[in-house]
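This document opens with one chain alone, in structure tokens, the form predicted on its own.
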Amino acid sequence: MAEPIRELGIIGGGRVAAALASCLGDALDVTVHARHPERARLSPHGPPVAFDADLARVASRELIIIAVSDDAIPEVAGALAAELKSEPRPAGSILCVLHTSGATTGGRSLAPLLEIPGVEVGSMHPLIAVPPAAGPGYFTRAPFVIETSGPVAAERARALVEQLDGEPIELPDSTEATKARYHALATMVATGTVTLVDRAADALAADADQRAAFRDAFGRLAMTAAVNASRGPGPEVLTGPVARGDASTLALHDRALGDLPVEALHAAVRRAAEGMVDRGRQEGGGA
């Protein structure tokens, strides 16, 4: 286990920044800097968190988390770099700065900070939806995808995730292409699930109450399918007619959905599932 983080600086006042402060405020010396602290929605069940208007207080921490919108990260990085240049840190000390965006690497979004000796950067993206006022324990078992520019930043990122009781997962490399690919795939999974549930409910029922009931039912089905997906490779945990090779049922489905707007979605999902099952058979020696 990595050496625990003792002091943490957080820049931001949104959901992720507030959740991190609420989850870590009891165990760490946390300093939070936000442009609009009055808008931050902290958990009523978490520790009191003090917001500091002085960016220098955050800049003195051993680890800094920038949890702002993607578009604002470069501006914040520039301001933090200017602060660090005006107040140099002790020789030989390492400062680590991570942002929480899933779309870009720390090396790209935090580039001004790499010009300062003794600074390592990276990103620590919580692969979980964060609601307003998330309280202590919210990140338990949550995966955090990490990429960094150096070993110290990697160690501190892992340590912080462990202190959140989360699960650190490191990307294969810290290239921009790999980070963007990861985020596109994560978005596909999340957006795809919500879209499929919503479209299925709309296709089945015209009445608003019935649509709501089936949206809830299909949403619960999606949750059980997601639990299955986390238990093993897709070909091993997939259920339903594609997994069974039930051609007659699949033909029945095609006829039932042929004149509905969801037909293209259904066909695309089926093709992908059939390809996954075929690949699993080949890899298992069943071809």
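As the structure is a prediction and not an experimental result, all values here were calculated from the model. Note that residue numbering follows the sequence shown and begins at 1.
Separately, the form predicted together with a small molecule exists; it is not shown, and the next lines address it.
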- Query: So, in the model of the complex, is residue 255 in contact with the small molecule at a 4.5 angstroms heavy atom limit?
  - Reply: no
- Query: Does the small molecule get within 4.5 angstroms of any non-hydrogen atom of residue 25 in the model of the complex?
  - Reply: no
- Indicate whether the small molecule has at least one heavy atom within 4.5 Å of a heavy atom of residue 186 in the model of the complex. no
- Message: Residue-level contact is defined here as any heavy atom of the residue lying within 4.5 Å of the small molecule in the model of the complex; does residue 67 satisfy this criterion?
- Response: yes
- The single option of 130, 81, 95, 200 touching the small molecule in the model of the complex, heavy atom within 4.5 Å: 130
- With the small molecule left out of view, choose which of 171, 142, 114, 72 has a non-hydrogen atom within 4.5 angstroms of it in the model of the complex. 72
- Query: Heavy atoms within 4.5 Å of the small molecule in the model of the complex: which of the stretches 223 to 231, 56 to 64, 35 to 43, 237 to 245 has them?
  - Reply: 35 to 43
